[in-house]
Structure formats: structure tokens, C-alpha cells
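First, one chain by itself in C-alpha cells, the form predicted on its own.
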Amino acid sequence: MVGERVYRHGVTARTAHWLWALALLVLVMSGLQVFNADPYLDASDKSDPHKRVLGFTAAMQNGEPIGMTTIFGVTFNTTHFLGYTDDGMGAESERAFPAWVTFPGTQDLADGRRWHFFFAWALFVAFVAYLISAALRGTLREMILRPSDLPKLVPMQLYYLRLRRDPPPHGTYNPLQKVAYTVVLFVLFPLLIITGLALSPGVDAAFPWLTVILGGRQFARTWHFTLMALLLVYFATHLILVLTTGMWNNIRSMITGWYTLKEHDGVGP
């Protein structure tokens, strides 16, 4: 019923949600700090400029330093943004990503790794706790895409595009939300964790076969970076939907657990 308040998110889900937000922010920023030490990605089992997918560097042009970004062999001038940019100390230097998007800001590989590993474990603990809690509460099955949801995907997309007045009948989560949650929870997150473990020297030494399966250390870096980018796309979309579908209602529900039903919320099986 429109206007009815329902208890949608439990304590564990809300705690995990905000821990994910913090952990992912630090992981992205510290990950870019680590990436700055070797600012390139190669589709190879080892470093190979001939198989470079992405690279950042600096050079001199007309007596001035410039930053350059190369994507699949095509080079762009990205001075002041990528390649030659803010060094965190009031100047600019050869640096893939600027100080304001890395953690720590100044170049510090050792501290970057420490922060990255710490929050990687925090994310893993929150992820496992969330899955267990959702399974016990029975909400996990509501988030998983089912064969019966497939015919509703296109009508739901048409509704989002304002080409359809009403969405197809759905439960707590609509079919497009189920696609997103299924992919993120059971594909992106697990692969991000696996590729991250493969990049750990300790794990690589104990389980060298993991790196081999991923195509080598450089391939593992490429997979890890790509998965991070995909996850950022998902969260950007998530934020847009939060802002455009009742920002206060959505944020309040993730703080208190209580959600006020809107038109078309939770209709149908």
C-alpha cells in the first residue's frame, strides 16, 4: 500500500552496506596509489609493452612536461589530469593518477598496500556476513534473478526510460535490480576478491596455480582493474537511482531500516 512503512533492511545489511561504501572508497583510492608504482596494464603473463592495454607516462614536448595516456595503442595528451599531474605536495610530477584520488595522497607504495589489504579484508568480512544474514532472513532469494524474471527485463527497462507507464509486477526487488544484485554479489565481488588474492605475494607463493589460472600476474592486474571499473559503474548507477527514486526515503531506509512504499513498490510476486 502506498505510504505504508515496512522494515526492509536489517541491522547486518545496513552495517554491511555502509562498511562496503567506506571500504570501497579506500580500496579504490589506495588501489590507484598502488597502481601508480607500475602505471600500466598488459594482456600478458608478464610485462610486455607490445601487449599494453592501458598505460600512463610523461614526456617532454617543446621543453614542457606533458602527461600521456595510451589505450590500446592510441595515445592522448592528459596533462594535469593523468600521467603528469598533482603530486600531493603543491606541485606536479610524473604520476599516473593525481594525489586527490589516491590514498595516501603523496606517493607511498608501502602505506598504499597496507590500507588496501586492511580494507580488502574488511570488505570480505562484510560481504560474507551480509550473505549469511540475508540467507537466514530469507531476503537473499528475493534478490536473485530467476527464470520467471527474464520476460520482465525489457518491460522494466522501458518503464525506467519512461516508455511504459507501469512496471511489470514484481516483489521487493524489480527484475533489473535482481540482475544487478546477482551479478555484483555472485560474479563481480567473488572475482574481485580472487584476482586481488592472486596479486598478494604471500598468496601467490602459497598458491601459485591461482595466478596461473588467471593468465599470469600481469593478466591478474588487468582483470582486477577491469572488475574495479565495472563495480564503479554499478555504484554510479546505484547512486543515480537513489537520487532519482526518492533520495531521503532510500537513505533513511538504509539508516533506520524502515522504508515507505511508493507507487509500484513491491507489487506482484
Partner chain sequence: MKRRLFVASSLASLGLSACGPIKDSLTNGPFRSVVFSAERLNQSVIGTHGMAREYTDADVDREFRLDSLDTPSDATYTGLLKSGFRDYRLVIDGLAERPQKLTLAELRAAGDRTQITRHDCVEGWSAIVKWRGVPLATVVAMAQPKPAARYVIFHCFDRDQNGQPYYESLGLHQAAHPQTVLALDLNDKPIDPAHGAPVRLHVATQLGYKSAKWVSRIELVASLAGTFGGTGGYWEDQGYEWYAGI
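These figures come from a predicted structure and were not determined experimentally. Numbering follows the first chain given and starts at 1.
Below, we refer to the form predicted together with the partner chain, which is not included among the displayed structures.
Though the partner chain is absent from this view, in the model of the complex it lies within 4.5 Å of a heavy atom of just one residue from Leu227, Leu214, Ala58, Met29, which is Met29.
Of the candidate stretches 176-184, 136-144, 105-113, 149-157, only 105-113 has residues whose heavy atoms lie within 4.5 Å of the partner chain in the model of the complex. For the chain shown alone, Met247 is a contact residue for the partner chain in the model of the complex, at least one non-hydrogen atom being within 4.5 angstroms. Interface membership of Gln218, defined by any non-hydrogen atom within 4.5 Å of the partner chain in the model of the complex, is confirmed. The partner chain in the model of the complex is approached by Leu243, whose closest heavy atom lies within 4.5 angstroms of it.
The partner chain in the model of the complex comes within 4.5 Å of no heavy atom belonging to Val233. Counting a residue when any of its non-hydrogen atoms is within 4.5 Å of the partner chain in the model of the complex, the hits in 34-60 run Val34, Ala37, Asp38, Asp45, Lys46, Ser47.
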